[in-house]
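There is one chain below, alone, in C-alpha cells, taken in the form predicted on its own.
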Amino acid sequence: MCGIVGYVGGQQAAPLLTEGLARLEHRGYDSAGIAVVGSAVRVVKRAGRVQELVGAMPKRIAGRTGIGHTRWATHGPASDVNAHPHTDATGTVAVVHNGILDNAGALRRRLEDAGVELASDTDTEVIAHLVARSEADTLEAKVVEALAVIEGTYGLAVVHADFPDRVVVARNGSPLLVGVGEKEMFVASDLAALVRHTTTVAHLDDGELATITASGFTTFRADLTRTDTSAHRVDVDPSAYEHGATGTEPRMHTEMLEQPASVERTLRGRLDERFGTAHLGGLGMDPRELRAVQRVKILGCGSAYYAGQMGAQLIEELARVPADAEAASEFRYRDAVIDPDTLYVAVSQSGETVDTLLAVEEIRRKGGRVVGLVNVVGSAIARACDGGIYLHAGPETAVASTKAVTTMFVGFALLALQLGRVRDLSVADGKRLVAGLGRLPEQIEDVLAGEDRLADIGKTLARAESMFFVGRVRGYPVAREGAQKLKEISYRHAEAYQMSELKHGPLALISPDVPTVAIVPDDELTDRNIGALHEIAARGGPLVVVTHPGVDLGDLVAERIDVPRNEKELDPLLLTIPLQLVAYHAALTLGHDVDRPRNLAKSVTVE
C-alpha cells in the first residue's frame, strides 16, 4: 500500500515524480505529494488524487533530485498536512514512507518532550525529525541512526538540503527497488513507476539501504558495510503498463477483457498432451519429491485466499492429497505446526502481500518447503520461496483483482494435474483435463460476450442493500469470490454461505429485499442445490442462478446466467467470470470508481 517514487539525474525531477505517482495510484490514492531538492527542499502535497496535486503545483519547481508519495491512510485521516512527504521543523529533511511504525507513539512523546512540535497525525513525521536531529556527518549515517530506534515496517526514501545529489532509501517489510538509467537513477515501490524509463532494476532486501546518485547506486546494511546487490534486466513489456496511467476506460474492465489472453499465457508451454500432465519447472521439484508430498497447505489473503480454496479442491480431487487453504493473515499468529511432508503454497498477485510474506518466512524458519504462486517477477514472495509458478497474467492495477484470480485458478489446476499424474491420476483423465484447460480461453470469451445481460443483472442487484452468495463444495469458494467483488467495489453488503448451511441460521434473513446469487453447476449436487433454492423462493427471496445450459430449474422464478460447460473440476473458473461483470456494473450503476474503491489499495504491504 502507498506508492513511493524517487529520482536523481539530469532532468527536472517534479514532472518525473508526478508521472510516476500517477502510475502508482492503485497503491493508495487519498493524498499525494512531492519534495524536490534545489537550493532548498521544496514540498507540495494535497489530499485527494494525483491530478489534484498536479493542479496545485507552481509552474516552476526546480530541482534534479526528489521524492514523491501517494498515500493509503494508516495514521491520521486524509488531509493536506497528513500527506507525504513529511519534513522536520526547518524543512531541511523530507521523508516518504510506506509501512507502519509500531513504536510511533513512544517516539512522538520523546520528540515532544524534547521540544519538537509535530504537525501531523502520522507515524512518518517522526522519521524526518529523527534524521534532522542526528549529528552524523553523512546522510547515510543520519538515516541509519534514525532507523536504530524505529520498530515496525518501512520502505522509505529520504532527501536532505545539505546533500542535494542523493536520495537514501531503506527497506524493512515494504517493497523498494532501484531503477538504473543513463546518468540518472530512480527508486520506486513498484516497477510500474519505472518501466517507461528503465527495466534494469535492483530489488532491496529487508534490512538493506541504498544511496542513489545520478552516477549509480550503492547498497549497505545498518552497520554501513556494503552489500553486493546488483541490478538486472526485468523481462516486461513497458507498453503493458501504459493503460493504467493514461487510459480513459476503467482499468478493471480492460483487465476482465484480457482474461482469455492471460489464461493462454499462463498455460503456454506448460501442457503435455502426450502424457496428460503439466510441466512446472519453476517448482524445482522432481517426480520423487512431488510424490513424497503428503499434504498441501495454501496461504493467501482476500481473493487470493478464495482462489486458494478452489485450488485445494482441485488438488484433493485430482491428486487425492489432503489440501486446504487458510488466510495467511492468521496463519503465523496461531503458532502453526510445520510438517516436513507438507507442501506450502503462498499465493499473491503482487508477490508483496506482507501477511503472506510473513507466513512464508515463518514456514522457512521452521524448515518447511514453500512455493509461490505470484504474478510479479522478482517480488519479495517469489524471492523468499523455494520455487514457484509465475502467473504471467500481465500487469494488474485495478484494486479489485480479476485476471490475476483467474490465472491463480489455472496455476492451481496445473499444480494439481502434475501432482495427480505422479500419483494415481490416469493418463486418460490427464488428457481430459489438458484438453479442458486448452478450451478455457475461448470459453471465457463466450462468457464475456454476454456482458450486456450481465450488466442488467448488476443494475438490478445494485438496488439491494444486502444479499447472499451461496454455493456448495466447488461452488462455495466461487460464491465467496463473487461476494468479495461485489462488496469491495459497489459497497453493498454481500455475504457468502454454504448452500447447505442456509437452514442453520441465515435463512432467517431471506426476504423480498435480500437477493441470493446461487452457484449451481451441473454436477452430482445439482438436485440438492435446486432444493435449497426452493427454500429461498418459498420465503420470497429473489434469485440469480449461475449454472450450466440444460440444468432444469423447474418452476423457480429466477434470473438465469448460463456459462459454458468444461470438465467438472475446471467449471469453477467459468462460474466466477460472470460475477465479476455483475459486480462491475452494479458499482457503475451506483456511481463508484471501480478502479479505486474507498478505503482499499492494491498491494497490501502493512499488517
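Note that residue numbering begins at 1 and tracks the sequence as displayed. Model, not experiment: these values are computed from the prediction.
The next section is about a form of this same protein that is not shown, the form predicted together with a small molecule.
Novice: Which one, Thr406, Ser189, Ser348, Thr124, lies within 4.5 Å of the small molecule in the predicted complex by heavy atoms?
Specialist: That would be Ser348.
Novice: Note which of Glu255, Glu184, Asp88, Glu488 lies within 4.5 Å of the small molecule in the predicted complex, where distance is taken over heavy atoms; exactly one does.
Specialist: Partner contact (heavy atom, 4.5 Å) among the options: Glu488.
Novice: Choose one stretch from 479-487, 441-449, 528-536, 134-142: the one whose residues place a heavy atom within 4.5 angstroms of the small molecule in the predicted complex.
Specialist: It is 479-487 that comes within 4.5 Å of the partner.
Novice: Does any part of Val520 reach within 4.5 Å of the small molecule in the predicted complex? Heavy atoms only, please.
Specialist: Flag for Val520 set to no.
Novice: With the partner left out here, check for me: in the predicted complex, does some heavy atom of Leu417 sit within 4.5 Å of the small molecule?
Specialist: Although the small molecule is absent here, Leu417 would stay clear of it in the predicted complex, with no heavy atoms inside 4.5 Å.
Novice: When the contact criterion is heavy atoms within 4.5 Å, does Pro515 count as touching the small molecule in the predicted complex?
Specialist: Judged by the heavy-atom cut-off of 4.5 Å, Pro515 is well away from the small molecule in the predicted complex.
Novice: Can you tell me whether Ser303 touches the small molecule? I mean in the predicted complex, with a 4.5 angstroms heavy atom cut-off.
Specialist: Yes.
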